[in-house]
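A lone chain, given as structure tokens: the form predicted alone.
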């Protein structure tokens, strides 16, 4: 069963769900069409990693046909992800997402184009928050109506609820580190674990295995693989946020630096920087008007101090830990191959 086939099935399930919702929104008011347009644009992109890990967690735990309900339940994670991205972009004042304007910027542009008399900024942010809330509500609805057997949907809901709690707590911790500026590797890793690692890989695997009625041994084996892989995934994303190609990442070069994100990469750099380097980091990190020259200066410090090399070593170490856990996991051959391929996709140096 090819990875591309699962992605197509997830895309189809997601499109079908949103299309079923469309008439209800437009019946409330045709003026809600821009909300749907913004959601359609956002959902058109993305790697579908969370649904993929959920599906293969189900397969690894002995999931049996028919699988349509599990595909729909897994696809609902993309609506949860859309909610998280929309809200994250508002909090970070991000201009772009997946190579196009972020949702709040899209609504701000709409207000200006229409010549409305109110302030475009608050309108755009408010509209984006509401669309993110709608996606959160729809993620629950899509999961609950997926068609998975009722004796399995309930235990899975407990995992789903835990995942949502963890990612929101992780987001708060991320905001806290940004304003507090502690800059320690330990604090940054705590954000990584709860904002990204569990949410992206560990919990989707856990959810899929639970929807298969998997044994506690299989569930724990998949979580032992998922947690370190999730950390490696986010560390790679942090590196790409500074050194990635905008054509691949969908965001301007150095956007994470402009947003002042206190990532593990930055924490590793601060631990190694001298007084002069620290002063430059304090001055430039988080400057929304950071120029390409400023980005280059920060990149040079990150590389020159050994911060980048330290982060790359962490990625390799966590990826090895995940590979060792998968090798020891009691999963079948097809699922094992798929999870090995997903590990490569999650930690690749490409976006």
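Please read all numbers here as calculations on a predicted model, not as lab measurements. Positions refer to the first chain, counted from 1.
There is another form of this protein, the form predicted in complex with a further copy of the same chain, and it is not shown here; the text below is about that form.
The putative spot formed by 25, 134 and 144 is fully lined by a further copy of the same chain in the predicted complex; each residue has a non-hydrogen atom within 4.5 angstroms of it.
In summary, among the residues 240, 280, 189, 169, the only one with a non-hydrogen atom within 4.5 Å of a further copy of the same chain in the predicted complex is 169. a further copy of the same chain is not shown here, but in the predicted complex it comes within 4.5 Å of a heavy atom of residue 35. Within this chain, residue 291 is remote from the site of a further copy of the same chain in the predicted complex, having no heavy atom within 4.5 Å. In the predicted complex, a further copy of the same chain sits beyond 4.5 Å of every heavy atom of residue 99. When a further copy of the same chain is considered in the predicted complex, residue 130 lines it closely, a heavy atom lying within 4.5 Å. In summary, the region of this chain contacting a further copy of the same chain in the predicted complex, judged by heavy atoms within 4.5 Å and restricted to 135-143, 68-76, 218-226, 268-276, corresponds to 135-143.
Of all the residues from 71-92, those having a non-hydrogen atom no more than 4.5 Å from a further copy of the same chain in the predicted complex are 87, 90, 91.
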